[in-house]
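Presented below, as structure tokens, is a lone chain in the form predicted alone.
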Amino acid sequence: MNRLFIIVITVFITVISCRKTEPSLPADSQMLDGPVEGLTASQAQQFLRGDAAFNDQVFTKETGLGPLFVSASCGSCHAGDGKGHPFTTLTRFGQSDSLGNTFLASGAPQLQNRALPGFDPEHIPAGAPFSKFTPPANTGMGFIDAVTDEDIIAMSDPDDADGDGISGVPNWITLKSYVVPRVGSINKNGHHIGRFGKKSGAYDLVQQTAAAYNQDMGITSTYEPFDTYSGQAIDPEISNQTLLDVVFYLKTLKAPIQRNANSADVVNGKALFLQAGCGKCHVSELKTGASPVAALNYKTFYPYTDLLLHDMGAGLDDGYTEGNAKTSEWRTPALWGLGLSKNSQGGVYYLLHDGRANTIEEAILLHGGEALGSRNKYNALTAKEKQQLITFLESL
């Protein structure tokens, strides 16, 4: 009896000790991954299938990789669904104005800088305009997808009617043949509003995902059937079901959760952010319209973007563009999740469209064009006020 008691106690102590030494799960506010609340049981299953395809599936030669590619998996460019790193930064090339891409025959718009053995990777053709695009964080994309065209247009001010020096505009793009317009999508002379990508060059998450499989990994689908090396249509290397599971996963990732929202520095920093006029482009609050996913229906969310293109000045003009955007125009990036960016970037910030800024202050000081007034107001703050504003941004 004593021996049995000793064994039971020993096992109990061992279990408790193991639990104490196991790493605890990070709080939801410290992670970008995870589904929105309110998914049905079948939707939760589809989310998990998409999660596995996005984060676990690594392509090889035998499963369709390449022969030219940038990466072998989705998750390698979006670790933890966060921002990318210089190693995973993409190069887009070939278009300098609204007339379209003139280097399609040379592999544009995406440079595939890696290749399977026996093949040569691509190089930027002589004379081609190009820009570096650091992969963005993925979370909250379903909310952005569900903002109505009317709300986006209402935030635009193409002629700067209010005289504040800010004149954001949508990027009106031509739809891919496989894209199905949202209910209520506005058609302007055959063009629709893009909202994904650094210049809003993609209409929806189906286009964004199908293009990423094809251009990033060389994987064909019924949506993007052309092999990027031969230019010939080949059998799909990924099923429609898997691709749409990934689309659903991206659409139903939760919105980032702000941290320390009530601390004095964060509260004061937000006030300074708004006083500097940053909120005119980084609009704090948006709402969704009708969505086929009930959990995204008519929700208020806080992304800090207006989804519009803004002229950011000569310093951020790379000479490359997409759709009808000018070369100096960039879509206002959502700031939510900013403070978690370093988690997926090796402990260092790589901010702006190409990752050139290693601190939030560097990113602010590189703002020009329509944002010049806000940059000047930031420069006029005291050192303590600047730190409070940055503390607020890191709380998002």
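Values in this document were obtained by computation on a predicted structure and should not be read as measured data. For every residue, the number given is its place in the sequence shown, counted from 1.
The next section is about a form of this same protein that is not shown, the form predicted together with ligand HEC.
- Looking at 197-205, 181-189, 259-267, 96-104, the stretch with residues near ligand HEC in the predicted complex, meaning non-hydrogen atoms within 4.5 angstroms, turns out to be 197-205.
- A single residue from the set L340, L335, V36, L68 has any heavy atom within 4.5 angstroms of ligand HEC in the predicted complex; that residue is L335.
- Contact with ligand HEC in the predicted complex, judged by any heavy atom within 4.5 Å, is made by just one of L286, A137, L244, I193: A137.
- The candidate spot formed by I152, K176 and A325 is out of contact with ligand HEC in the predicted complex: none of the three has a heavy atom within 4.5 Å.
- Shown alone here, N171 lies farther than 4.5 Å from ligand HEC in the predicted complex, counting heavy atoms only.
- Ligand HEC is not shown here, but in the predicted complex it comes within 4.5 Å of a heavy atom of D216.
- With a 4.5 Å cutoff on heavy atoms, W330 counts as touching ligand HEC in the predicted complex.
- When ligand HEC is considered in the predicted complex, E370 lines it closely, a heavy atom lying within 4.5 Å.
- Shown here without ligand HEC, the chain has I360, A363, I364, H367, E370, A371, S374, Y378, L389, L393 in 359-396 lying with a heavy atom within 4.5 Å of that partner in the predicted complex.
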